[in-house]
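Given next, in structure tokens, is a single chain: the form predicted alone.
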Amino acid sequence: MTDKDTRERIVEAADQLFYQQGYEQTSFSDIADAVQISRGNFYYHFKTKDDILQAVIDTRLATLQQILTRWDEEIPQPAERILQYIDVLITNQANIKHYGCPVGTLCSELAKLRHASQVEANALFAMTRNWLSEQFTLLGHKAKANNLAMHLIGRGQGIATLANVFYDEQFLKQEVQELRDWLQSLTVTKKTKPKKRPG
């Protein structure tokens, strides 16, 4: 196994543990045990838990950028792209019920800790906001695109939090359907102007 493979395994395990247990509650030992490598090999790649946190955030940012770029390339209409974003709540409903939103939980914890990496973690929300704002602009809502993006992110975070608190999958599905209906109400239908008759 190469050094790169080992490093990636450490970051992947840390990402999962930070999500399930929280950053503060996850120790070096927890991560090393999950990856099943020696302490010496572990410290070769990361000297501190904060170093691992930064690697986790960088990986999440890169993954998010790849996902958003793929949606831009593969999904033709902005409304369909926004719908894809909304439906992530359904795709990840099992994890959300158990642990909440991975982005929201991490950013919230780092904010409480006044952690130095809070700004970098918040970039996950900023990237999502900017992308959604672009989609709402393309949908014909340029003047309020940023507000709509923030509303959708906020609503999604609220859904994830309450689905986790009440362990309620039906609530999550019901709220996602309401978001779909909301998006449908915002969809702009471009009407073709009637051609002028000659004469």
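Quick note: we count residues from 1 along the sequence shown, nothing fancier. All values derive from a computational prediction rather than experimental measurement.
One more form of this protein should be noted, the form predicted in complex with another copy of the chain, which is absent from this view; the next part is about it.
Visitor: Could you work out which of 92, 77, 84, 122 is the residue within 4.5 angstroms of another copy of the chain in the predicted bound form, going by heavy atoms?
Guide: Exactly one residue meets the criterion: 122.
Visitor: With the partner absent here, would 62, 70 and 133 each sit within 4.5 Å of another copy of the chain in the predicted bound form, counting heavy atoms only?
Guide: Spot residues vs another copy of the chain: no contact at all.
Visitor: If you check in the predicted bound form, is residue 173 within 4.5 Å of another copy of the chain, heavy atoms only?
Guide: Contact with another copy of the chain, no.
Visitor: I'd like to know if residue 25 sits close to another copy of the chain in the predicted bound form, meaning any non-hydrogen atom pair within 4.5 angstroms.
Guide: Because a heavy atom of residue 25 falls inside 4.5 Å of another copy of the chain in the predicted bound form, the answer is yes.
Visitor: Flag residue 40 as yes or no: does it have a non-hydrogen atom within 4.5 angstroms of any non-hydrogen atom of another copy of the chain in the predicted bound form?
Guide: Residue 40: no contact with another copy of the chain in the predicted bound form.
Visitor: If we define contact as a non-hydrogen atom of the residue within 4.5 angstroms of the partner, is residue 142 a contact of another copy of the chain in the predicted bound form?
Guide: So residue 142 does not count as contacting another copy of the chain.
Visitor: Choose one stretch from 134-142, 28-36, 42-50, 159-167: the one whose residues place a heavy atom within 4.5 angstroms of another copy of the chain in the predicted bound form.
Guide: Of the options, only 159-167 has residues within 4.5 Å of the partner.
Visitor: Going by heavy atoms, what in 100-132 lies within 4.5 angstroms of another copy of the chain in the predicted bound form?
Guide: Residues within 4.5 Å: 105, 107, 108, 111, 112, 113, 114, 118, 122, 125, 126, 129.
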